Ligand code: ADP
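Have a look below at one chain only, the form predicted on its own, in structure tokens format.
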């Protein structure tokens, strides 16, 4: 077989190949033309379209314009006014810099460019059709530039066939305009399609007003402002309240020096900052703007200039993580219930009497130094059930049974068998001497974040459907998920025990064999060194059985159950995480397994204990997996629903 000869491609074919990297669809053309207009200092931009950009794209701006002699160079490859030397390539301060956009567009469409600098009395125009230039002609138009693109992909029919419907292509263009409108708040944008105005953004609108216009009032009301600076870098913008999460990350907008980008470092930093605030698999809504020296970011990575490379990725990750995390902590609050209509009447909820001989959480986990003391057998039973270390004074979450003076007792109302109201009150604050008797390692200081609904000195509460707690507050009504709250309390207790260099572990007097499937046993033994770092010591016993020799000291349930938790998680993840991530995930699952469940009836003492500890643990607004522990219905909303607001 005769080998094929190597030959040079024609300039026209080279132009069409290069155009495929820059011009994918009409939205790509609009993006390139708008970036040129913004780099030219435009304060007003008008975009006119026909048939979703297939037949016409016209972009008119009031920028600095182009002198007549330079018009032919506009359609030449790698001709630009934005960089001059190689050093300029490493400190790019404009949106465009390669000089490829109009050359690529001109090779696959009919293009006319008309421009006049403000210093010139008469401008000029030039037509390019499929890469062929016409003569320069005078043009008596306003100062600025008008670029008109018709019959896109007329000479590449295969590319034209791959265009989507008019509505889809228009949607892509609207998205492109919105991104640039968010990046340049001082510029007026007007989008017209088939002689009908689709979008108008006044130049006087700030970013918050533009977000409200693009995405609606509901989202705008649930945005939290971000402001954080570090190492000559500034992060600002807005992030969505955790209750406004989404199934996908489509509503995550990142801008680096006014350039919209997609970057894994930024997305990962945001996801880590929301860890514990969102359910697994849910994505937050963010609109974040990063400002940094141009030399610290490389934008010459992707032909579409939508990907960047940071010189110091870890520092950028840290900037975004701390900026978002501090905002979430500053605005921590209980999600608000907003009734949308008048539903059926709810029956009055009462707490079912405890069966004879049963013991409550409060009975079983009471602090011996408090007013309520019970027999050792019941207490040990409770400790084993909740998976807590028997330290002599731990109730759910490692909080002492005696309450803080800041919080006070909680009144829990229910009805006994006779139908008369019964009042249970949580233990009142003890004397300083009594409080000091409790192990200081088990105490948690009260934390009440701004906007967080803390507990009043006296609160009335009851259980609903054996799953939720209804709690009266001075400002309205709290509806608490008993499992989610107890899960958070236990998680915080477990986590605090591991905040030391060497995780506390307990060696089993008799190693416990655990039967697994062959695949599970192989997986655990393969990761035995990693599990050792989180306090779980296992070894091979034979066949598909492993031998558990040690467990974290805070875990008082069976070793087999802990091993099952570990193996379930390792089977779910595609790649074994770092030890601290593995530990955190195991602690979450341990807390979930040990927490009281939905449908479990609680006594007044149980409810009092849970409410007391809610005000003493950190991050009580969400469970470790991101589900809210409570919803809030304000008095104003109640009055509005019952039409008592006048």
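Positions refer to the first chain, counted from 1. Note that the structure is a prediction, hence the values are computed from the model and not measured.
Same protein, other form: the form predicted in complex with this ligand, not shown, and the subject of what follows.
Only one segment in the set 32-40, 604-612, 46-54, 585-593 has any non-hydrogen atom within 4.5 angstroms of this ligand in the model of the complex, and it is 32-40. Shown without its partner, this chain lists 282, 549, 98, 150 as candidates; in the model of the complex, only 98 has a non-hydrogen atom within 4.5 angstroms of this ligand. Proximity to this ligand in the model of the complex, taken as a non-hydrogen atom within 4.5 angstroms, holds for one residue of 288, 270, 531, 102, which is 102. For the three residues 224, 242 and 246, a heavy atom within 4.5 Å of this ligand turns up in the model of the complex in no case.
In the model of the complex, residue 182 stays away from this ligand, with no heavy atom inside 4.5 Å.
With a 4.5 Å cutoff on heavy atoms, residue 463 does not count as touching this ligand in the model of the complex; it lies far away. Contact annotation: residue 201 falls outside 4.5 Å of this ligand in the model of the complex, judged by heavy atom distances. The closest heavy atom approach of residue 192 to this ligand in the model of the complex falls outside 4.5 Å. Residues of 57-88 placing a heavy atom within 4.5 Å of this ligand in the model of the complex, in sequence order: 61, 64, 65, 66, 74, 79, 80, 81, 82.
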